[in-house]
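One chain is shown next in structure tokens, namely the form predicted alone.
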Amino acid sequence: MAKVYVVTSGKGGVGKTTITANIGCALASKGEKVCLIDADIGLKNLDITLGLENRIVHTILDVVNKKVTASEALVRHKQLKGLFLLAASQIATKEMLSPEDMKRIVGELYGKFDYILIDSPAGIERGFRNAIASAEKAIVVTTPELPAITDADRVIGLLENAGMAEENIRLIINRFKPQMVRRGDMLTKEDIQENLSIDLLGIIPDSEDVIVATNKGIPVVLNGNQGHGIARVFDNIALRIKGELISVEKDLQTEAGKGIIEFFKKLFSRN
């Protein structure tokens, strides 16, 4: 039976869809059978991030309208044969999908995958309620900026109010900039954790590699970076999802994050 995660955020533009795509790729590259569901109805970005936009025949709206089954609407990834996508519809609106529709779709796919990751639209309106309806666990994405953290806090409250246990909600901090932390211009991970009070699943340093890969329509995990740099961070996150105990400090031991490691080394050497 699949473990069902919703990847969500309170604020848009924090990198949620890119993170969903890369975690899915990292899990599939480790032999897991993974289904990604794009619940961001009306925008339809996950297929582009995965480089699958030309292969979409049916969307989640066709499943809702019972033209095809959820299994029939899936698109298999070109490189990772264990990774599948159920694409959103660009012409639909969030009101065309209900929480009950999402439960039915996930219910059909539940026994066929090891992991189902649902990419939620940002915000707390109808699209959010649809995306969380069938999720057992949540990954909340934020950037180290006060508006994003405030909105993430609101989302965590709504998840708990919907019945999700605190231990099933975990946090990813995206676009972490060691240089700004070093100058005291950015919140530290401890600051953010203290504000949100949930466990960290990963810290993704700000990286040009992610931008380059996204613009190519290739997740950074598959863009010739396997096991190195920022791709290693997504590997770490995938392994934590699988239950391995890997320190989040290892996420900062990348090319993009080495600045903060040097900072802490210098800091401790003074004492």
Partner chain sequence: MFFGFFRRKKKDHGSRKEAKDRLQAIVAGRRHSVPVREVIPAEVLKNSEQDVVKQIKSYVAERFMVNEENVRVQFEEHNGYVVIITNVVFH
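Remember, it's a predicted structure, so these values are computed and weren't measured experimentally. Residue numbers count along the first chain shown, from 1.
FYI, the form predicted in complex with the partner chain isn't displayed, but the following is about it.
Partner contacts here mean any heavy atom within 4.5 Å of the partner chain in the predicted bound form, and among 110-118, 152-160, 75-83, 133-141 they occur only in 152-160. Site annotation in the predicted bound form: the residue of Asn195, Gln90, Ser71, Asn168 reaching within 4.5 Å of the partner chain with a heavy atom is Asn195. Not displayed here, the partner chain is approached by Asp191 to within 4.5 Å at the level of heavy atoms in the predicted bound form. Contact check for Arg129: a non-hydrogen atom falls within 4.5 Å of the partner chain in the predicted bound form. The partner chain in the predicted bound form is approached by Ile124, whose closest heavy atom lies within 4.5 angstroms of it.
In the predicted bound form, the partner chain sits within 4.5 Å of a heavy atom belonging to Met186.
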